[in-house]
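In the block that follows, a single chain appears as structure tokens, in the form predicted on its own.
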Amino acid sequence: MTIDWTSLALQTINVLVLLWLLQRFLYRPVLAVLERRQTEIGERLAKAETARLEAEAAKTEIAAEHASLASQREQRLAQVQAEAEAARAARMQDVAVQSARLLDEAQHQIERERAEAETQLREDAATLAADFAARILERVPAGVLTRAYLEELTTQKEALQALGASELRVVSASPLAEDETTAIQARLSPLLAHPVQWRFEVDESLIAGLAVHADDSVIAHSLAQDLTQLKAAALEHDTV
């Protein structure tokens, strides 16, 4: 086998030229493109990592905000429950106070009405007793009552002597007969400190009895007065 060194040298030169051309016009641009592509991919990966980190931070922030909102909601719910419980307790206290006040007012009203009823009952009983006594005494002849009350007047010796008027008015419940006026003057004159002029008048409100008037002084013994005292005594006895 014979080697054509010339052809071999030319082919070698061609190969070297081809490699230089490939290195010069193809391999370097491709490397440059690959480097730019790699740089772009690196930037995109960096941006993606940055975005992921931002997303993680946003997620953490949102979770923290949710936790804060949940905590605020729980606190608000607890506050509302506490306020509702306080309002309920205050309302119950107010209802209890109002109930106690109404009960106390009702008890006082019952006590007042009972006291008024008892007072009215005592007054009615005293009035009935006085009316009953008056009806019994109405059956007694007026002369008898007049003489009886005249005797009571004579027991007021000191009071009669203290009368300084020169005229005495003797008031009776009904007109007196002449013998009655004479009897009155005869019984009372010795008990007076000095002689007087006598004047006789009628006042039916006395019911029965006599009243001696001298200026502003009055010495009276009458059935009306006795019935008033009887009624007062009955009321006083019932209240003890």
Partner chain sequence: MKSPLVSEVLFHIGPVAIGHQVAATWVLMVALSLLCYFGTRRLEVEALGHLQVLFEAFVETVQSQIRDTIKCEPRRFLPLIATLFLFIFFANLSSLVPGFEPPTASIETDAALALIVFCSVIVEGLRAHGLLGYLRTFASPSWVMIPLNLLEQLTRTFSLMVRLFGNVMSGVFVIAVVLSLAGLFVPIPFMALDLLTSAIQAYIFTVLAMVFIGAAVHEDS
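All values reported here derive from a predicted model rather than from experimental measurement. Numbering follows the first chain given and starts at 1.
The same protein also has a form predicted in complex with its partner chain, omitted here; what follows describes it.
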- Task: Would you please decide whether residue 29 lies within 4.5 angstroms of its partner chain in the predicted bound form, comparing each non-hydrogen atom pair?
- Result: yes
- Query: Is residue 14 close to its partner chain in the predicted bound form, meaning a heavy atom pair under 4.5 Å apart or at it?
  - Reply: yes
- Message: Whether residue 232 contacts its partner chain in the predicted bound form should be assessed with a 4.5 Å heavy atom distance threshold; does it?
- Response: no
- Message: Even though the partner isn't displayed, in the predicted bound form is residue 70 close enough to its partner chain, meaning a heavy atom within 4.5 Å?
- Response: no
- 4.5 Å heavy atom contact with its partner chain in the predicted bound form for all of 162, 177 and 182: no
- Interface stretch in the predicted bound form with its partner chain - options 183-191, 29-37, 54-62, 206-214, non-hydrogen atom within 4.5 Å: 29-37
